[in-house]
Ligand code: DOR
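This document opens with one chain alone, in structure tokens, the form predicted on its own.
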Amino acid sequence: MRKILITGGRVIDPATRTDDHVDVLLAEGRVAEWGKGIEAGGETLTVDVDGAIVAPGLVDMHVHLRDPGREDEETIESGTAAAAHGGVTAVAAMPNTEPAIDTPSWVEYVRSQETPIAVYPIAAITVGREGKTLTGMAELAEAGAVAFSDDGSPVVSPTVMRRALEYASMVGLPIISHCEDLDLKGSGVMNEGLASTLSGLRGIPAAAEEVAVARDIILARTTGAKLHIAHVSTEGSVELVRRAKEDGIAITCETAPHYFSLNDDDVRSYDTSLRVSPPIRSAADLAAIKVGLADGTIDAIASDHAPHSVEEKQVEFDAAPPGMIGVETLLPVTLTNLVQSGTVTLERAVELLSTDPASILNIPHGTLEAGSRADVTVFDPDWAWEVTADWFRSKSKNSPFIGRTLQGRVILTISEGKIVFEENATSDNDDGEAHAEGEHRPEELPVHV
């Protein structure tokens, strides 16, 4: 395996508290060393990244690859190619496939696919994700599952959730909870408030999430198990998690980029890409999410990448399935709405997108420390560009960010010492041009052998 020497970059690695202009040498799929003026020697590919940020490969702990069952929307192959395009070198695949990932054989199926990046299966909490009978968590963990979730559906029964937390604790893995009270949700399709009244769409109150978050925090306290709350979207949920952490409960949580970049006024456009679960909330909720990210209450940012076909989304808003794609815009939306606004530092952004999600799932990613897996994301945080539909490598295009200008873009992704995406390379989805109209970084990466 050829060595790769990355020069000319600003290395940000929260795990080692590094923020410095140093070189990084990769060899045999590992980080060999980093420092100033490294001379690799031998057959080495030298990449001068010209002042860009060099960070640990991003870890997206919440993606829907739709495989098996909905290969028209996404496949493991297309979803991981999209992830590499977005600077993501490890994804955790949610189990709401058809059939659900609820047996060791299905866990092994996900793990057996040839992919450019690492894929970690999350197995179902209950058989068929029906919320009734617990899966064989010990066998699923042995097969390679890194967590358990019925994401897409809540575990309605408190007793089943309590037993799930106890069982997962025995095998040392977290439960990832989709917190939603179905009675309070009713037939709602967007956040309940002035915007839903003006739009004529049925609303979902914030309490539908917060009641379920409160219940699961109580159960986590009762069992002592590790609980992770997925896609936190409301001010009340942030405060509940904050208090739970102060009380010493073993809880972590994530949010998604759309919850700190969009609010329910945007939904009045009736763009079905904006129909997600939980719904995009109010401006006050958005502000609270930002505070939670800045003060450490929220531990991770995950895309909740949820592909849907054009046919599924080209319907009335309340008839469309919930979900938007996001693994490719994970970094630029974060940079645009958190870093450029001064809400968080670049180091904190990398922590939220790489170091902390790797820690939550206990997977060997999220650092550039010598000896670690050679997963690297190189990006220009100042590159302003307009998102276009043909830029995406996902099979689906249900993104509300199409047509918007974002700031920050990935220029190189390296997974286990192999270049899996570089901005100057073309793909089947490219039009042959290295850069789209309106971009300001036209220069190519200087590469020397």
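The first residue of the sequence shown is number 1, and the count goes up from there. Just so you know, these numbers come straight off a predicted model, no measurement behind them.
One more form of this protein, predicted in complex with this ligand, exists but is not displayed; see below.
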{"item": "This ligand in the predicted complex: contacting segment from 114-122, 81-89, 306-314, 198-206, heavy atom within 4.5 Å", "value": "306-314"}
{"item": "In the predicted complex, the residue from 359, 277, 169, 263 that sits within 4.5 Å of this ligand by heavy atoms", "value": "277"}
{"item": "Candidate from 216, 254, 285, 151 lying within 4.5 Å of this ligand in the predicted complex - any heavy atom", "value": "151"}
{"item": "Residue contact check: residue 96 to this ligand in the predicted complex, 4.5 Å heavy atom", "value": "yes"}
{"item": "Non-hydrogen atom contact residue 228 with this ligand in the predicted complex at 4.5 angstroms", "value": "no"}
{"item": "Distance check, residue 322 to this ligand in the predicted complex, heavy atom within 4.5 Å", "value": "yes"}
{"item": "This ligand contact in the predicted complex: residue 178, any heavy atom under 4.5 Å", "value": "yes"}
{"item": "Residues within 4.5 Å of this ligand in the predicted complex, restricted to 63-93 and counted by heavy atom", "value": "64, 66"}
